[in-house]
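In the form predicted on its own, a lone chain appears below as structure tokens.
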Amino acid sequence: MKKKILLADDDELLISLLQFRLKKEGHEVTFVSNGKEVKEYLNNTIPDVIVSDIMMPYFSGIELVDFVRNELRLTIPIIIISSAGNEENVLSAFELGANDFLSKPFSPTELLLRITKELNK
């Protein structure tokens, strides 16, 4: 079944690679490159899973987790990705309700496995 995946990251090369793999698996993928676009998208559409970078313009991945869990009150899976092996940020994201974390660089196949795992819970 086609799932809606929201990818939030400002790394266009990574996003195009992930978009290609996820669409090939039959998912509907929406890409946003900053926090403002994330909020606008979420005010109109609820995806099945969110994959978000921690470091984004306007609105960080941590603020995104907080927004989804505490303002929108949604329980959809959120997978955080980050190149900054910054433990504090990762811990904050988990404390606020992130479901999973992937450190960049990662393989698209690993992300697919984690998305599938979250969708099948």
Partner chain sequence: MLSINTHNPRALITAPKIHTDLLWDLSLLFVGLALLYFLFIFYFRNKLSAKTKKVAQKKKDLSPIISEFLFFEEESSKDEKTNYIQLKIEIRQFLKDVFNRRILSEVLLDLSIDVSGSTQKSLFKLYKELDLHKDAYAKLESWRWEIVSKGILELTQMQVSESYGFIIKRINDKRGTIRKQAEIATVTLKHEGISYFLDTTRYKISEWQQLKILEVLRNKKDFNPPKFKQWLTSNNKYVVLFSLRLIKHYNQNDAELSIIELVKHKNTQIKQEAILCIKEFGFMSATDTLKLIFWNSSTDIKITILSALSEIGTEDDLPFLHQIENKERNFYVKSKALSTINSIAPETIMPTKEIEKNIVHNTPKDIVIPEEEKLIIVEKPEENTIENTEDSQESIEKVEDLKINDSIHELRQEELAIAINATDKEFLETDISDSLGFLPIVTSKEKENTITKDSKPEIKPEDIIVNFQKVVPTNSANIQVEYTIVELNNKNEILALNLDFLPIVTTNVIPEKPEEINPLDLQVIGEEISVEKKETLNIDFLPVIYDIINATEEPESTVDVPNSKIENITTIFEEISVNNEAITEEENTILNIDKLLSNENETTTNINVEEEFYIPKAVFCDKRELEMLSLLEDLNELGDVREIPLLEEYLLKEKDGIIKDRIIELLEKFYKELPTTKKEINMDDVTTETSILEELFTNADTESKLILLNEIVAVSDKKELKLLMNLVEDEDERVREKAKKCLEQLKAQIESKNTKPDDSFEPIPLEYAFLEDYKAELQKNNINPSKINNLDIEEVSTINKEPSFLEQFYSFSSKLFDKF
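Residue numbers count along the first chain shown, from 1. Computed from a predicted structure; not experimentally measured.
A second form of this protein, the form predicted together with the partner chain, is not displayed here; the remarks below concern that form.
Taking the shortest heavy atom distance, is residue 113 within 4.5 Å of the partner chain in the predicted complex? Residue 113 lies outside the contact set for the partner chain.
Would residue 10 count as touching the partner chain in the predicted complex under a 4.5 Å heavy atom rule? Heavy-atom contact with the partner chain at 4.5 Å: absent for residue 10.
Give a yes or no for residue 108: in the predicted complex, does one of its heavy atoms lie within 4.5 Å of a heavy atom belonging to the partner chain? Flag for residue 108 set to yes.
Please check if residue 21 has a heavy atom lying within 4.5 Å of any heavy atom of the partner chain in the predicted complex. Residue 21: contacts the partner chain in the predicted complex.
Quick one: name the residues from 28-48 with any non-hydrogen atom within 4.5 angstroms of the partner chain in the predicted complex. Not one residue comes within 4.5 Å of the partner.
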